[in-house]
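Just the one chain here, laid out as structure tokens, in the form predicted on its own.
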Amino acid sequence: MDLSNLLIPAVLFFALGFLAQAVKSDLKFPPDLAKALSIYLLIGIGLKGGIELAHADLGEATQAVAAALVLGLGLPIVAYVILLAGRIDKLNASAIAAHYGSVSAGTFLTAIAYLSAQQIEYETYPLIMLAIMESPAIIIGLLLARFSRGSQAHDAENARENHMGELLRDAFTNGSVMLLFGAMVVGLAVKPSSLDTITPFFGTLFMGALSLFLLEMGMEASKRIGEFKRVGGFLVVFGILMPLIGGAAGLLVGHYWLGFGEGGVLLVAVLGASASYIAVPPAMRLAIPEANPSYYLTLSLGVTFPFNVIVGIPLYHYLAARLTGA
């Protein structure tokens, strides 16, 4: 496992942002720019997925969708059981578990940059899986929270049931999901000659935008370091253990079920290992107000994200290469 492979601009800009915040630099990142970069990157990967999907085998695409649902529904339950074993209360466990069944587009994009820097080809079906895995984990989190609450006052239960449908709708119409699926449809439907007009914007500039995005993510991750004392030792261990479990599941699914090559298996492992810090937190904040946001935000953004970027991706790549014989 060669850690020098992490010496690529995107990862180094993440380290720069982390360092700048750690030394209390006055470096500031315009908040609107961070949002704009997220939109740009999601459209970029959605377009790429749609273009490749136009040439894809329908049977293999269906298998990828099924695998995404299995991971998205199964990993939150595994996380929930581990959290309960660590004596975390049920509502906090429900909220945290939902984050670890969903995905991190930032981690996924870093893995793509990692593969591109080494000129390793990869299947594009994980792009479809990325879009699909946002929602199932939110649904599982909502169901776990509902069961965790047990019997409560009838009016309170009815109030939650009334907005359950709205929460489920939000899970499927989340902005990032809409952008990914919408951009895929555009890439699938538009003629290649027409796509050539936007290729320089969404292709040539992509890695530069990703570097800026990870600079901001490094600053955000560094801000969470001071909150470790609030989440406790067990949760910090969980924030490292759970991505290893999810990554292992992704490796097995990518290789034995989907039959992907080295690059594709790595991307599925990253999907299994990552934790959401964009789509899931607002949903959990609304659905499980009793849960402590500093727990799930610190874990997903302050522990799991940097762990995956610095240690996880090269580790999953090493294991993917061993599995596929690359």
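Please read these numbers as outputs of a predicted model, since none were measured by experiment. From 1 onward, residues are counted along the sequence shown.
Another form, the form predicted together with another copy of the chain, is not on view; read the next lines as being about it.
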Please check if residue 55 has a heavy atom lying within 4.5 Å of any heavy atom of another copy of the chain in the model of the complex. no
With a 4.5 Å heavy atom cut-off, would you call residue 191 a contact of another copy of the chain in the model of the complex? yes
Can you tell me whether residue 209 touches another copy of the chain? I mean in the model of the complex, with a 4.5 angstroms heavy atom cut-off. yes
I'd like to know if residue 36 sits close to another copy of the chain in the model of the complex, meaning any non-hydrogen atom pair within 4.5 angstroms. yes
Counting only non-hydrogen atoms, which stretch in 240-248, 100-108, 129-137, 210-218 is within 4.5 Å of another copy of the chain in the model of the complex? 210-218
Under a 4.5 angstroms heavy atom criterion, identify the one residue in 117, 143, 252, 236 near another copy of the chain in the model of the complex. 117
Within 264-289, the residues that have a heavy atom no more than 4.5 Å from another copy of the chain in the model of the complex: 282
